[in-house]
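For reference, the chain that follows is the form predicted alone, supplied as structure tokens.
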């Protein structure tokens, strides 16, 4: 099955064909860095990080660009509120954003250009738009003339009058048409500004992404991504000004991810329901959050709640217990398995590996169907169940287990690792190495386990049961296994 991608522009899925064979350019709109990153800011980066991982697995050389908007009305207002400069605030919030990305294992971003470092490219683009009649200067501002773009509205599939009626339009007596949007804003006292042919000022929001994406990916590139809330006005305006400037297709595939929702409202600063990433990760492991964001199809809304996160955390425990099982069988960490990073053939010797190979095929079919990470996650659960049943049936943890059964089990786990790493999951242990107080707790737990074993050996089952019961009340689970008793929180 060939990779097929849903294109917002055409409202259809189509076979993925890049501009240049073997290479993919992907641009995703990043944040305006005026407040700490909330979990809604992580949806796009996590999803498109998984998209890049899969494209790389298929053999493509991918360049993934995420911009930083470090000059904007929101930044100016917030900096004044905090008594700091726009530059200092932007630097601090950019560092916070990058730290959040790192913790959620968003490792695929190749370039992170900043708007303030590309003013020259924006001015050059504005010159071209004015020269070809698609933009006009007015009183120190520069506006894009939507009436000169015959197919303005094609990304939203609405005509300009419908879009104006459904959105807040910035009022200005300097505009020719109500829907015209600013490419350049004349300087106001106390605000950051740069010199331009139209006087000092700063760029509008939309021109930033057009200039930066084309600089690093070319006039026509493959994938433009972002949240569904950016479809209008941001992406519509980007598309209009870019194609009016170059007279070429801007992006071949427009991919819009669904938004994070709390109840019936999207998570947003304007709504006042944001949960900062730094605060969330004090309560939940980053992998729990990443797993949540990838557990639905990227075009669907993501339901966020503490109950949902707790449910995900419980389901992940099943995977973590399995990784401990693998270590007991092979004496090595699951995370040290070297699995293929490029697509290849799967050995299919024996019925069990044929079944695992069939699940691998289904996983890849999900990803080929418009990067359906939700379906792919479902296949990982099926793989987990299949591997556990095989381990039980063949008693692979027993000393008497047949070498062939262990070998098949090990190969099945390697295939699981191959699939999970496409989603950026299970690449590092979820629990840090024990040290200090943790070593003391481990020692005390082993003491209790030994006392329970002695009680049961002496047929004092009441005491053994009491130890288990009291530990359960403290949130500790004992696991009796062929090789001895283990414990977990």
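This is a predicted model, so every value here is computed, not measured. Residue numbers count along the first chain shown, from 1. In this text, rigid core is short for the largest set of C-alphas that superpose within 1.5 Å between two forms.
From this point on, the text means the form predicted together with the RNA, which you will not see here.
Exactly one listed residue, out of 99, 117, 124, 229, brings a non-hydrogen atom to within 4.5 Å of the RNA in the model of the complex: 229. With the partner omitted here, the residue from 378, 128, 340, 199 that has a non-hydrogen atom within 4.5 angstroms of the RNA in the model of the complex is 378. Residue contact check for residue 246: none of its heavy atoms lie within 4.5 Å of the RNA in the model of the complex. When the RNA is considered in the model of the complex, residue 43 lines it closely, a heavy atom lying within 4.5 Å. Put simply, residue 452 is close to the RNA in the model of the complex: some heavy atom of it is within 4.5 Å. Interface membership of residue 157, defined by any non-hydrogen atom within 4.5 Å of the RNA in the model of the complex, is confirmed. Per the 4.5 Å heavy atom criterion, the RNA in the model of the complex is contacted by stretch 252 to 260, the sole one of 141 to 149, 80 to 88, 252 to 260, 279 to 287. Contact annotation for the candidate site: 92, 213 and 240 all lie away from the RNA in the model of the complex (no heavy atom within 4.5 Å). Heavy atoms closer than or equal to 4.5 Å to the RNA in the model of the complex belong, across 196 to 218, to one residue only: 205. After superposition on the rigid core, displacement of the C-alpha of residue 22 between the shown form and the other one stays below 2 Å.
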